[in-house]
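Just one chain follows, in the form predicted alone, and it is written as structure tokens.
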Amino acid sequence: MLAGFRILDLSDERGHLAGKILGDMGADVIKVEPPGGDPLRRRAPFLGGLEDPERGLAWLAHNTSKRGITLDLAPLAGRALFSRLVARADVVLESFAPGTMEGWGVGWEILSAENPSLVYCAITPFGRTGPYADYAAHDLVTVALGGNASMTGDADRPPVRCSLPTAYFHAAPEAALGIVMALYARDAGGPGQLVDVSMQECQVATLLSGVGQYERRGALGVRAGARLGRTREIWPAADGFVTFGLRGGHARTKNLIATVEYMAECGMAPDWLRELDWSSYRPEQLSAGELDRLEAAFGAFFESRTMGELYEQALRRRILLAPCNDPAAVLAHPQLRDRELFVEVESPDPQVQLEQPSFFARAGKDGIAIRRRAPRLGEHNDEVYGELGIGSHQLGELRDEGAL
């Protein structure tokens, strides 16, 4: 889909996923690392438990479909070399603090003057301009200031965040989308563009209808933990948790009837529950005691069954229920296996098998897929710089100058 486009990916973990998405779509993505390597290489966990910058699982997961080179933009020789790379590129992707690239003399204005067709994408915590532009922030800060943390967790306890850096995982796909749109506009006859991605603003999407609700109510929502409104959404099962909404409305009626029938077949539906008129069920009209009785009946049933058993029956009976899967369950999921989502990727350790999701969407036979494993440090220096006519002797001199 993006064959023929070249992307220079200078980003840290804020933008690794953006480069991977573009590479999976067929672009020639060149990951540009400092001579000592990207910091993510040294973050645990490591493949096989052996600490090694070539075995960091986060690095291996987020940098497939890329070639890799080393380059330091601080020395003059490094900046000159970078300018030569940009002359052959379609996109520059970076995630430095605003002004950093400009300080090196290779910012958007200078590069676009040299290459008017260049698409330049910057991922920053709060955008390149505005009152917070110069503030430093990592995932936790932008998740909190973006509104997500305040809505996550139990109301009587402190707010919580997801275990993985979701601010980066939301911003990176937005960056990839912005880049593709800018390339499309350019190829339709327009100039190159600046794509300015604020991680904080990308968090707004995680609030779903929160912005509209605030406009309507004039007040923020309140985090409710396992509940959605008055009803429970997350329920303990015998071996984990499932999600099931005890909500009313036309779309839920058949689902609730089917669930009660399933409970009755298992001898766990009291008479009063079997006699309820679910077509007129409205949880917001129930007293706290009535709602507690309902939840106790459903809760006791879910807790008596495993996640797998509940999910299997939910599929067969068309019940709106799903297990809260952990990574091991996702990896073994029969539907994902049947769709051949996971493929074996060349591993840094031949004794340890490495599987990764091959695609994030289906777009035809040759559309979106992992093109290559994550690069080793400086693996494609000779290859990429050779395209510029730079031989091994010159590369040695550039290393001596600190550029590589």
Partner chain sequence: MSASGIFAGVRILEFGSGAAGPVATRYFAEQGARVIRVESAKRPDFLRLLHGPDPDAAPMFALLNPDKESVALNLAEPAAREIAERLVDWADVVAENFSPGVMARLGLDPERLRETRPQLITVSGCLFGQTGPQRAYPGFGGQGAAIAGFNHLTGWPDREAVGPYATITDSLSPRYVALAVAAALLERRRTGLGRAIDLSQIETGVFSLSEMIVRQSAGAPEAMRRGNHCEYAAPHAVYPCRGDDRWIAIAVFDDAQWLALRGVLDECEGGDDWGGDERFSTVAGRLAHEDEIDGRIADRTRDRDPRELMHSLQSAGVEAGVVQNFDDVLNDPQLAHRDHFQKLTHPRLGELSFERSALRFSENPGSVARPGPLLGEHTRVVLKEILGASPEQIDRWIRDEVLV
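Values in this document were obtained by computation on a predicted structure and should not be read as measured data. Positions refer to the first chain, counted from 1.
Keep in mind that the form predicted together with its partner chain is not shown, yet the notes after this line are about it.
- Under a 4.5 angstroms non-hydrogen atom cutoff, its partner chain in the predicted bound form has Phe169 among its neighbouring residues.
- Shown alone here, Thr129 lies within 4.5 Å of its partner chain in the predicted bound form, counting heavy atoms only.
- In the predicted bound form, Glu174 approaches its partner chain with a heavy atom inside 4.5 Å.
- A residue is said to contact a partner when one of its heavy atoms sits within 4.5 Å of a partner heavy atom; Ser209 meets this definition for its partner chain in the predicted bound form.
- Only one of Trp108, Phe298, Tyr281, Tyr262 comes within 4.5 Å of its partner chain in the predicted bound form through a heavy atom, and that residue is Trp108.
- Out of the listed residues Ala97, Leu76, Leu140, Ala87, Leu140 is the one that sits within 4.5 Å of its partner chain in the predicted bound form by at least one heavy atom.
- Here the marked residues Asp187, Phe342 and Ala361 all reach its partner chain in the predicted bound form, each with a heavy atom within 4.5 angstroms.
- With the partner omitted here, the stretch from 79 to 87, 157 to 165, 263 to 271, 283 to 291 that lies within 4.5 Å of its partner chain by heavy atoms in the predicted bound form is 157 to 165.
- Taking its partner chain as it sits in the predicted bound form, the stretch 309 to 336 comes within 4.5 angstroms of it through a non-hydrogen atom at Tyr311, Leu315, Arg318, Ile319, Leu320, Leu321, Ala322, Pro323, Cys324, Asn325, Asp326, Pro327, Ala328, Val330, Leu331, His333, Pro334, Gln335, Leu336.
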